[in-house]
Each structure stands twice: as structure tokens, then as C-alpha cells.
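Below you'll find only one chain, the form predicted on its own, shown as C-alpha cells.
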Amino acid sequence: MAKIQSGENSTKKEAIIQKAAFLFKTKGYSATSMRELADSLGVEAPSLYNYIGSKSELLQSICSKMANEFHLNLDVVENNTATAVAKVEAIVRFHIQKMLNNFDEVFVANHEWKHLKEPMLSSFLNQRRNYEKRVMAVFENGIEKNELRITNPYVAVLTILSAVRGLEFWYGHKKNVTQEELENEMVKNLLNGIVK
């Protein structure tokens, strides 16, 4: 019987979670079976249970990991003594980099979270709301310090998060744009606009 292959810097459980994220993104959480996951890893389905308890545990792991990574990055940004503009840029760049480098997991956290079971569902939604409030506070502080123009912080955060989420379309149509160019152009457009 084949063994689960872990990556250079990952455990077997992490390899299972990454493959699950790919399948959940591609087929949807509901349409993905544990047997399918096992087949894609080249193992028997029962061997998966040596590493994970259930399919719902996989979804919970993916959503928790993403929520925690976004909050940890925001902790660093908030504690940075940089200007509000630098903070907003750091937040935008982090979001773009997560979409480019962890697309499957971010996609699942953005779309498949609704299949989480309680109490994880409520916890995840609270983390998302708290994150949005914290990012809005960065805008509010920047406006108070006259570092950012007066704007509705909620609309600014919604615009940025929606624009970055639009990278899902880039994945579907990958034009001749490098990841670096994509990140830099998005940051420039989101922070400076496109009007001359």
C-alpha cells in the first residue's frame, strides 16, 4: 500500500490538507468524498484517518489556518510604527500574496466556510468580522492623522477586499502578467487610483 508523501517543508497531515483544499476548490466541499481524497493521494481511504478525524475537520483546519494567518499579519502591521499608508499597503500586499501563493486554501475559506459546523462556524464568522473591524480601524486612524483622505472606512475595506478577491478571475484566465507585476499594479491602482 502506498504512503502519503509529505512535501519538503510539510507534514503528511499538511499534505492531506493541501490536497483537500485543491479538491474542495475544484469540486466543492459537498461533492468531495474522503475516498476521492485518498485516491488523489494514492492511498486507501482508511489510512487518512490516521491523520485526520473527518472531512469536516479538514475544512475546519483550512478555514482556521487562513483566519489565523490574516490575523497574525495584521498584528504585525498594527504594531508597526509606519504610516497609515504603509499599513494599508502592507495589508493589500499580504492579501494579494495569499491569493497568489495559497489560492486553494484562500478560495475554500472564502467560499466553502458555510459548510463549517458549530461552534467553528460562529467562531470563523466572528474572526472575519473582527478582522474587517481591525482593518477599518487602520483607515480610521489614518484619516484622523490626516494621512489618508476622508473616505468611508467600510467602503474602502470592502473595495480592497473585493478587488483582491477578483484575482480568482486571473487564475481562470492567466494573462501575460507576472505575479510581481500583478501585485505591484494592483497596489498602485488600489492606493493611487487610475485617474491622471
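Being a predicted model, the structure only gives us computed values, none of them experimental. We number the residues from 1 along the sequence you see.
Although not depicted, the form predicted in complex with another copy of the chain is the subject of the following passage.
- Among residues of the shown chain, H111 is one whose heavy atoms approach another copy of the chain to within 4.5 Å in the predicted bound form.
- Interface membership of A67, defined by any non-hydrogen atom within 4.5 Å of another copy of the chain in the predicted bound form, is ruled out.
- Proximity of F94 to another copy of the chain in the predicted bound form falls outside the 4.5 Å heavy atom cutoff.
- Proximity of S47 to another copy of the chain in the predicted bound form falls outside the 4.5 Å heavy atom cutoff.
- Each of T26, F107 and A163 comes within 4.5 Å of another copy of the chain in the predicted bound form, counting any heavy atom.
- Shown without its partner, the chain has R149, I150, T151, N152, Y154, V155, A156, L158, T159, S162, A163, R165, G166, L167, E168, F169, W170, H173 in segment 146 to 173 as residues with a non-hydrogen atom within 4.5 angstroms of another copy of the chain in the predicted bound form.
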